[in-house]
Structure formats: structure tokens, C-alpha cells
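Below are two forms of the same protein chain, given as C-alpha cells: structure 1, then structure 2.
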Structure 1
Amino acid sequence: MLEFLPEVLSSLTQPLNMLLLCAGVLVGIIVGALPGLTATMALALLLPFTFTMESDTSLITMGGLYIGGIYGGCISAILINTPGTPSAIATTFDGYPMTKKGQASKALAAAAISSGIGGIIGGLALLFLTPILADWALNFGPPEYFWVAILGLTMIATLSSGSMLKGLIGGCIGLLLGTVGISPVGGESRYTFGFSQLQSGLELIVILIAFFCIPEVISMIENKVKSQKSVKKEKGIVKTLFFYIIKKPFFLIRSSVIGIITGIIPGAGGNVASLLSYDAAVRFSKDKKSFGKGNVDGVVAAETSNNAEVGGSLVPLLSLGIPGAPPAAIILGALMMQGITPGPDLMSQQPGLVYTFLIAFVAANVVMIIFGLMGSGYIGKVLSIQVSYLAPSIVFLTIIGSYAIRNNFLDVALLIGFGLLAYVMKNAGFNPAPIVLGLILGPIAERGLAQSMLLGEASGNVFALFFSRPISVVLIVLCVLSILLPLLSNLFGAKNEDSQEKLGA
């Protein structure tokens, strides 16, 4: 790598490349903050313009846009409880409660710092561990996908606030919604009700907006909730948060590793990474009850992981030519437009270009931290807008965003319908998180199960395929522990309380 350092620095320090790197990050943040507009969409719009660029310039710009887009999703998640991108789902759990406490600037600053740290760790993993991690990813087959989904579904216990029964019902509703569309094996259309647009399934962004945003807007109007008069940036909050976060190295490394590994698995995505990381943060915390009520650690865990996932998603792209996430697939298209074919020979054929992209990736995360911290004190001022203006603006943006995904009015109708359903369910005590969790992981589990069954029948031993592969065994153990640990913790906690009461008596 050192022999290519002069070439890398020469490319990065060109004024045009530096300008486009910063512009890409800034535009990505803005796009990611708008509900319905994802990093994938932004990259797809940028793709035609990269054809006239130099290969290093196009990759630097797209890398900055990707990173900015993933971070930008946390802004609307924190301010209005609407994930700007699917990766920001878990950020809403504690980010929005912090906003309701008047701590929006603190939440935004924590998100910027943790996103940058997670992104830098993901970039370093991409830089040094690409060949090793790529070989590991090749061993990940349908049974492993199935067990990963099951592991994720065990998080319903963590995400269920109040009633476990309602959490399980919500998870089942999400699993049912995940079956809409074409069956992954037989190819039959399920629950499409004659609408051809539903054959590809329910659009995740639409459901996210419906379940997280619409109920809050209705409550805002119904209760005439006044937005925060002012959200001022506290003096020294950035410094305090920075030292608070970096004093938790194990916390950061755990969240980043979850993000990197999830990113390497093609199709998993930042939404799964942030949910798994949030679940781990809750399980290992000494103050579990504070999560979901405005605990900054929940924001840090989610944002560290979903930004580390960006680096992980590029590992199979650069080493195998397999994109680990939809945005990585767009970057694959940009590379091929430049006549560059990602794969095992890329590092030997284009080492200077690869290292330029990897170093620019780390630099883009630093730029993102700067932009995020500079804007955290000002972005929060959107909450000072009167409800009579704020609520219609949010509804307008959500409708435009829902329509823009597939240029389909049915998505707008689904947004309104599921939004009203979510409002009723919220008043009945249902948390939207288990529903969305079931919707995300249900198709992954179904596809993994169906493909594994077919492979097992072909090999003559279904049981061995599910329970004898090394990675599957590890995931099964994690599933069992994920189920048993909360039960044991509650059991021993109840015994301790009883013993203390007896001693007190």
C-alpha cells in the first residue's frame, strides 16, 4: 500500500476531487434526511453523470454520497420519528424520545460522532480485511440466512415495550405483511388482490413512514402538541459527547463488528445491522429500562452499526464483484461503465484506484462528522415551526417520498391506509418496531428456509444442512442464548427482589 501512497494523495488532493467529495457527502445528507429518498436513489440519479468523469473522481463522489445518505437518514428519524432511510429504523427508538425531551441537538451530535466512528472503522476493515472477509462471506448460504433471520426475530422481546404478547402479535403481523408478493419458490402471487404493483411486495420505506411517522403527525394534530420553542446547542456538548462515546471502546467495536459482518452478507443491509446492534446494546446494558425513553446509547449503537455496514457492504463488491447492498450495486454499475470489473483481480490490476477509493472512503466519514456537528445546532430548529405549518409539511414530504419510490399512487394509498392502522394500533398499546422487524426479516427467513429445504432434499439430508454447518451452529447457539438470557435475567431479578422484600420485612 505504501508504494501507492503518493498516487493516492495526489488524486485526493486535487481541488475537483476534494470539492466533489464534500459535495457528495452534503447532498447525501440532504437526500437521506428526506423521507422516501434513499441513498440508493441518489446514487442511481448520479450514475449517468459519472460516465464523463475520471474513474477515481466518480468513485470518490459516489462514496461520499453513499456515506452522507446513510447518515442523513438519522436526521428525520430523530426530529420527526421518520427514518429517512431504512438504516435509521433503530435510531428512532431513542432519538425521537430525546427530541421530545428537548435534546434534539444532543441526539444529532451523538449520531454524527458515532456515525463517523462506525464509518471509519468500517473503512479500515474494508482497507485491511477485504480478502479474509470475502472468503468468509462465500461460506454464507441459505441455511445461514435463515438462522440470521431467526436470530433477528428473537429481538422482539427487546423491542416490545410493555406487553410481550402485543409484541409477538405485532411480529406476526409483520411476518404476514412480508408474505405479500410472489412466492420465492413456487412463484405464486400472494395477497396481491389483483394489483400487479404488489407482486414485488410491500415497499419497505412506505411501511416505515406509515408506522413511525403518520401516527405521530395525527397525535400532533389531535393533541395540539406544541413543538419545542427552541432547541439550542448546549455549550461543550460536542466535546462531552465525544469523550463519552470514545470511553466505550468495547461498545463501539461491538456495534461496528455487527455492522461490518451484516454488510458483508449480501442482502442483509443497514436496517438489519442497526436493529441487531441496538438489541445487543440493550441486552448488555445495566440500565435496560432507559432504552426507548431517550438513552443516547441507543442512538450511538444504531448509528455506529449502520455506518460500519457501509464498509462491510463494499467488501464482497471489491473482492468478488458481488454487491452486499443495493447502493453497492449502483457503484458496481459505475465501475463497469468505466471499464473496470470488480473481482479477485481488481487489487492487482487497479491497486492505485482501489486504495484511492478506500482512503477517500475514510476521509468522507471525517467530512461527514464535520458537517453533522456543524449542522446539529441548526437542524434542530425545525422543531420551532408551529404545528399548523409543521404537520402539513411532514405529510406533504411523506406523500411525495412514497410516490417517488416507484412512481405509484398505490404506495400513497398504502401509506394512508397503514398509517391510520398504525395510529389505531399505537393507541391500543402496540409498538411499531416488532411489526417492522417481522416485515424485514420474514422474507429473508422464508427464502432461506425454502432454498435450504430444496438443497437438503437434493442432498438427501435436510437435518445436516440446517444443523451441521459451522456458521449455522454458531448462529443457533446465539439464537438459544438470545432467547434464554432475558428469561434467566428476569427470573433471577424477580428472585432478588423477593429476597430483598423478605429481608426488609
Structure 2
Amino acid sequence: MLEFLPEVLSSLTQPLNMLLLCAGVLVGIIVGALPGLTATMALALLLPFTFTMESDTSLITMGGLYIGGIYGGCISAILINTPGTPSAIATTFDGYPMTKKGQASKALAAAAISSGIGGIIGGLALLFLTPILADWALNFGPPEYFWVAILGLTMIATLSSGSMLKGLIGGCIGLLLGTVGISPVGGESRYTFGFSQLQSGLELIVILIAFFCIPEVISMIENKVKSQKSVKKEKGIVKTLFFYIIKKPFFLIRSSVIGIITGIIPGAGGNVASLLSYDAAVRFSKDKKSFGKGNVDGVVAAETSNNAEVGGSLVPLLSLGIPGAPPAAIILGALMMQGITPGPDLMSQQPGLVYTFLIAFVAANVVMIIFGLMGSGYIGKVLSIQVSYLAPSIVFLTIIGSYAIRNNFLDVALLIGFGLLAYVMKNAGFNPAPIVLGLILGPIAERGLAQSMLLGEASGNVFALFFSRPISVVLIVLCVLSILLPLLSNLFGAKNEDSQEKLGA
């Protein structure tokens, strides 16, 4: 890694890159703070701004936006009891009670410090785990890629909220959408319905914006902005809180590890990370009863974990080309726009770029702490922006983003069409995450399947190629477990409930 240090430093010390890193974090915090505007949406909306940038500048800006967006969610969670992003859900449990007790400034400072620490630990994990996983992934052949794709889908289908059956159906729909265009191995045109623009397939970013932004915008017009409590500044609170937090290393590491592991697993996002970490904080606390009533440890646990998850979600993206969370999927789209294909080869082909991004990622967390401590009270003021202005402006920005990718008007029509479909599907219980991951993993899985079949036919045993290689066997076992474990836990959960009901009767 040290041999790339001069390249990393020359890129990071460029004034434009430093400026855009700070701007990315700040804009991310503002967008993340607005209820209904998730970190995914922040990245999707601001993607067209990065089209004309150099690849390192674009990645640095996107990293800053992602970090700022996840942190920003805590501001509205603390001030108005509404998580700005889903990952801030657990922050409301103790953050808002603290605001009601007049401790909003303490809660915001605790959130900023713990988010920064969690983010830096997540960033270090990203820095050290990515090369290891990428090295391991270099041993993958077509069958392993096929099984990795299937594992990603089964995990997201079972881990994302709602019914598992609907999650699996969503994954299949995504895989099917991924087959539109020219077949990667056969070379024939599929499902283009006479539109020559569809020969190159559905544009990933258009579908990402359609599934993650349009339903949120439509839902947003239902929201009523709650009144915001005023933030009174307390002197010396930052220093006191900083020492209070860093004197709990085990607590911080536990919350961060939960976040990193949750991030690496596709499908389990920041909301799962913060809830698991909050739950662990309550379980291991000596003063369980104070949680939910304004205990600062609740805020620290949730925020450390959801920001550590950001680094975790980028590990499979950079090493395998599989995003660990929806915002990482947008970063995948941004990388592909720049002509960069994430995966194990990225580390060997463009190590300077990867390390620049990884170091910038850690630096962005430091910038986030500074902005968070200095301005979260002021940023909270943006919560009063009226939805009547915000919702149409977001649609306007999504149109710019979808058209600018390949100057194709069909993409604009597809954005609105798929966006409306996504809204109806979301209301019917189909989570957008499995559909989008299906679209991303579809081509990986298809290439893996077709190439494995050709290799198998050449060696005379297709079955052995798919089911007997050691890494494939491990992946198959994980696929089966990821489907069976939730089914079994549901079954036993239902039985336990039945027996408890009978006992109660």
C-alpha cells in the first residue's frame, strides 16, 4: 500500500478534490437530514454532477456524499423524531427523548463524534479487508461467480424487510430485467421489443433512481413536517462527550463490528446495523431501564454502527463488484460511468485509484465530525423546507440524471414508468432492494452460468463443475442456509407464539 502513497497524496492534496470532499460531506448531511431523502437518493440526485469529473474526484465526492448522507439522517431523528434516512431509526429511540429533555445539543454532538469514530473504524476495515477479499476472489472461476451472485440474491431476499417469498420474486424480476439487451454469451437480442436503444440493456442508474427515488418522492407528499425544537448550545459539551465516548473502547468496537459485518452482507443495510447495535447496547448495559428515555449510549451505539456500515458495504463492492447496500449500488453505477468495473481485478489494475478512495473515505469521516459538531444545529434548519417545493425539484433532478447518462430520451420515459411501477410494488410489499440487486447480479450470474456450462461441456461433466469445487460448495451451503435459517426461525417463532398463547389461555 505504501508504494501508492505519493499518488494518493498528490490526488488528495489537490485543492479541487479537497473542496469537493468537503462539499460532498456537507451536501450529504443536508440531504440526509431531510426526512424522505435517503443517502441513496442524495447519491442518485447528485450523480450527474460527477459525470464530467476525473474518476478520482468523482469517487472522492461520492464517498463524501455517502458518509454525510448517513450521518445527516440523525439530525432529524434527534430534532423531530423522524429518521432522515432509514439507518437513523434507532437514533430516534434515545435521541428524541434527549431533545425533549433539552439536551438536543448533547445528542447532536454525541451523534457527530460517534458517527465519525464508527466511520473511521469502518474506513479502516475497508482499507484492510478489501485487498484480502479481492485476493481471495482472484481464485474465483465462472461457477464461483455464479454462486456468489445467487448467494447475494438469496441473502437480500431473506434479509430485506417484508415477506421472503416477495423478496425472492423481486430478485427474479431484477434478474429478468438484467437480461434485457444483447445476450453476453449467445449474442442475440432479448426483450428489446423493437427499441434499438435497449440493445445495450437497461441503464443501471436509471433503474436505481426509478426504484429508490420516485417511490420516496411520491410517499414524501404524504409527510407533514413536524415542528422543530430549538437547539440550545452547551459549553464544553464536546470535550466532555469525546472523552466519555473514547473511554468505552469495547462498546465502540462492538458497535462498529456489528456495522461492518452488516454492511458486508448484501441486503442488510444501516437500519439493521443500528437496530442490532442498539439492541446489543441495551443487553450489555447495567442500566437497561434508562434506554428509550434519553440515554446518550443509545445514540452512540446506533450512530457508531450505521456509519461503520458505510465502510462495510463498500468492501464487497470494491473486491467482488457486488454492492453491500443500496447507496453502494449507486457508487457502482458511478464507477461504471467512469469506465471502471469494480471487482477483484480493480485492485491489481488501478490500485492507486482504490487507495486514494480508501484514504479519502477515512478523511471524509474526520471532515464529517467537524461539520457535525460545528453546524448540525444550523443544518437542522433545512428541515423546515416545504415538501411542495422539494418533491417537484427532486423529480426535476432525477430527469436530468437519467437523461445525461447516455442522452437517451427513452431512459427518461423508463425512469418514470419504472418509478411508478416501483411505487405500486412497494405498496404491495415488494422491497426495491432485491429487484435492484437482481439487476446488478443478473449479468454476473448469467456469464457465470453460461461460461461454466461451456467449460463443463468441454470437460464432459457440467454437474461436477457446478457442485464439486471447494469454494462453490461453501457458497452453495451458505445459499441453502440463508434460505433455510429464516424459514426455520419463522417456523419455531410461530410455534413458540402458539405455545405461549396456549399457556396464556
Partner chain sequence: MQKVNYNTISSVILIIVAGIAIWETRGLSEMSYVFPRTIEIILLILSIAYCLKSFIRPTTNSLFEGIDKRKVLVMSLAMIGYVILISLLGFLIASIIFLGSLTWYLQRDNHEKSSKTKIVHVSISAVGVSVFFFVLFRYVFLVPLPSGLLLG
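None of the values given here were measured: they were computed from a predicted structure. Quick note, the numbers are simply positions in structure 1, starting from 1. Think of the rigid core as the biggest set of C-alphas that the two forms share within 1.5 Å after superposition.
Visitor: Name the structure that matches the description of the form predicted on its own.
Guide: Of the two forms shown, it is structure 1 that corresponds to the form predicted on its own, while structure 2 does not.
Visitor: With both forms fit on the core, is the shift of the CA atom of residue 297 between structures 1 and 2 2 Å or larger?
Guide: Comparing the forms between structures 1 and 2, which are aligned on their rigid core, residue 297 does not shift its C-alpha by 2 Å or more.
Visitor: Rigid core aligned, does the Cα position of residue 479 differ by 2 Å or more between structures 1 and 2?
Guide: It does, since the residue 479 C-alpha is displaced 2 Å or more between structures 1 and 2 after the core fit.
Visitor: Against the rigid core, is the Cα displacement of residue 246 between structures 1 and 2 at least 2 Å?
Guide: It does not, since the residue 246 C-alpha is displaced less than 2 Å between structures 1 and 2 after the core fit.
Visitor: Quote the shift of the Cα of residue 426 between structures 1 and 2 to one decimal place in Å, the two forms being superposed on the rigid core.
Guide: In the core superposition between structures 1 and 2, the C-alpha of residue 426 moves 24.9 Å.
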